[in-house]
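Only one chain is given next, in structure tokens, and it is the form predicted on its own.
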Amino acid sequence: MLKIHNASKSFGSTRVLDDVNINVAKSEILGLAGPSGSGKSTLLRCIQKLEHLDSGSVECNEKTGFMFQDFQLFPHMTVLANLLYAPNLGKKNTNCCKNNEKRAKAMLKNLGIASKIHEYPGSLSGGQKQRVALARSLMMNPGVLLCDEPTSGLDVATTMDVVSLLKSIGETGVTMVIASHDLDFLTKISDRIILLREGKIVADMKAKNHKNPVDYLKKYYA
């Protein structure tokens, strides 16, 4: 499904990824933990080919979708237009565009923000922007969804909503790689958690195999 082999990446003299090797199985939800600067976001960006590795490789036989930490919604477009921009790009088939609009409306309804369909991102709360960003990523029908800090800045209640949403997406067979500093969130959502520190893997665990997974992971932050 997704194979990362000897992935290395530097910015100047700083080695951000140092011979990282990870295999992600189909439908697996993999959490990427680690302190700031550990390489989590860089690894996601390299998988998506937004950044290029200095050495090593990323093999993925599925289409990927990327959910940005700062959402990256187009401020001059409505919620619906944000969802339709990429899937309709270059499309001249009217029926195809109509089907995409139908899918977008259904997705927004499922995410509980159908009433925001004609609003602009500037009028949305953080949680609502999060849902729009998620819906936009899913409009491309990715086999692998990459999420960079999906709960950043969200309150506890909204974070739990995101957990439920991502779990429901996982149940459809979508593979996910989720980078987050929030260990409690990762232990709730992930089948497996890899912890990076200074660009290296220092822990690879299944939360269900540990009585106190958060405490287990925290010791690697010291």
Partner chain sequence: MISNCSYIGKGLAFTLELTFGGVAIGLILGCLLSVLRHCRICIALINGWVSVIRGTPLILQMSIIYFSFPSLMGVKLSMLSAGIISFGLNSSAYVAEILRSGIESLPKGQFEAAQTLGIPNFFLWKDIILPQVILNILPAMINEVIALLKDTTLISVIGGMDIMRRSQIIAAEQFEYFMPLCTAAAYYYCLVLLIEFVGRKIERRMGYAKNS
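As the structure is a computational prediction, the values presented were derived from the model and not from experiment. Positions refer to the first chain, counted from 1.
What follows is about the form predicted together with the partner chain, which we do not show.
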| property | result |
| --- | --- |
| Proximity to the partner chain in the model of the complex, single hit among 197, 26, 167, 49 (heavy atom within 4.5 Å) | 49 |
| 4.5 Å heavy atom contact, residue 136 to the partner chain in the model of the complex | yes |
| Heavy atom of residue 185 within 4.5 Å of the partner chain in the model of the complex | no |
| Exercise: residue 110 in contact with the partner chain in the model of the complex, heavy atom 4.5 Å | no |
| In the model of the complex, residue 152 touching the partner chain (heavy atom, 4.5 Å) | no |
| Site check 201, 216 and 220: each within 4.5 Å of the partner chain in the model of the complex by heavy atom | no |
| Which of 53-61, 159-167, 40-48, 177-185 lines the interface with the partner chain in the model of the complex (heavy atom within 4.5 Å) | 40-48 |
| Any residue of 68-87 that, in the model of the complex, places a heavy atom within 4.5 Å of the partner chain | 68, 72, 73, 74, 75, 76, 77, 85, 86 |
